[in-house]
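Heads up, the chain below is alone and in the form predicted on its own; it's given as structure tokens.
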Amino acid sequence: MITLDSMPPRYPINGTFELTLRCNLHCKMCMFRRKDSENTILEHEELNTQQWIDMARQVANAGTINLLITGGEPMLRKDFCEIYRGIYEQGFIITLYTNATMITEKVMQTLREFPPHRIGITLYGANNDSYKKVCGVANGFDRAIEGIKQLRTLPSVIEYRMTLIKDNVEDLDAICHLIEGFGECVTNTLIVFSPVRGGCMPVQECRLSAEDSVNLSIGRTVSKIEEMIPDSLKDKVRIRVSEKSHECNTTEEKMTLLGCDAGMDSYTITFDGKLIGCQMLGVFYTDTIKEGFSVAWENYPFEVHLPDEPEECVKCEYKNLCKVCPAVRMAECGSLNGVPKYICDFSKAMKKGVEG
């Protein structure tokens, strides 16, 4: 049990502001998207312009340095520019996540005046047909490319991400070629978790199987390595994928609340003002509106009550390859002590892949 005496030092260095859960896209694999019928309620529950700016002052005073601004799609908010400007003026190192389809001249004027340090852009396909299948919008690709062209005029570091599902996996090479034309690269997400925090999208129906995800990951990694080997050495080099272990050779004890840095040096403020350690895990929270950020941050650990890890997981031979955590257990099983079959299958496939 955590007590005041046993609490290790915690510093809220890395923050996330989830300005909204609403989005202009209907991506099949989104973990957070709610039903459209809930949008009016969600918008009503969102912190208003001044509350977000005041929250930014509070977290800055508490020591937050790095701040991620995300959603949903944050630019869907009519007051996005006002909120962003107020946040920026607090002096954070800012990362902005967007799908790049809602870049208006007003947004660009704001970002030119107050450029974020990093912009993370999520892509969903290599053409409008893929965007229609994945996101439910007819011209999403064209809008995203136009937005990217505008965002690339900023002095910000641009990072591209793509979540691969059955509907867009064939677009991967085309997307990589497109982004490489910008002199950059794409980070691919292969493990897609089930909806969390009231999300409603049919993730399980569209995500790749665990085996297909592993084969794609390992296959592309090996191919990239092979491309770097001179032809004269190709028949002399054997590429082997090493098993990555979560264990480390250290005797230093690391205190944690959720098995990672969440709640220790990082946090998320949800659209309605709750402080949670991880954006995926909403069952443990404090209320920043009622308590203020500093008190909510100090009280958060006392809201975290994790059950013992399932014995099946403790004894599992694939434990060192497993990507499970309390948030993943809750997403996949609806329980903090569930055993997520999809992640088990992924770990087994990874073991087979590295041995093959």
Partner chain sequence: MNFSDKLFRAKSGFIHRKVANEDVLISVGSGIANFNGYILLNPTASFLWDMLKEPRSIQELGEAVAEEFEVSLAEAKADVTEFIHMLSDKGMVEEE
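Because the structure is a prediction, the values reported are computed rather than measured. Residue numbers count along the first chain shown, from 1.
The form predicted together with the partner chain is left out here; the points below concern that form.
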Which residue, 132, 166, 117, 106, is the contact with the partner chain in the predicted bound form, using a 4.5 Å heavy atom cutoff?
117
Only hit among 136, 259, 198, 91 for heavy atom within 4.5 Å of the partner chain in the predicted bound form is 91
According to a 4.5 angstroms non-hydrogen atom cut-off, is residue 157 in contact with the partner chain in the predicted bound form?
yes
Classify residue 205 as contacting or not contacting the partner chain in the predicted bound form by the rule of any non-hydrogen atom within 4.5 angstroms, answering yes or no.
no
Quick one: does residue 288 come within 4.5 Å of the partner chain in the predicted bound form, counting heavy atoms only?
no
Within a 4.5 Å heavy atom cut-off, is residue 295 in contact with the partner chain in the predicted bound form?
no
Any idea which of 39-47, 305-313, 57-65, 326-334 reaches within 4.5 Å of the partner chain in the predicted bound form, heavy atoms considered?
57-65
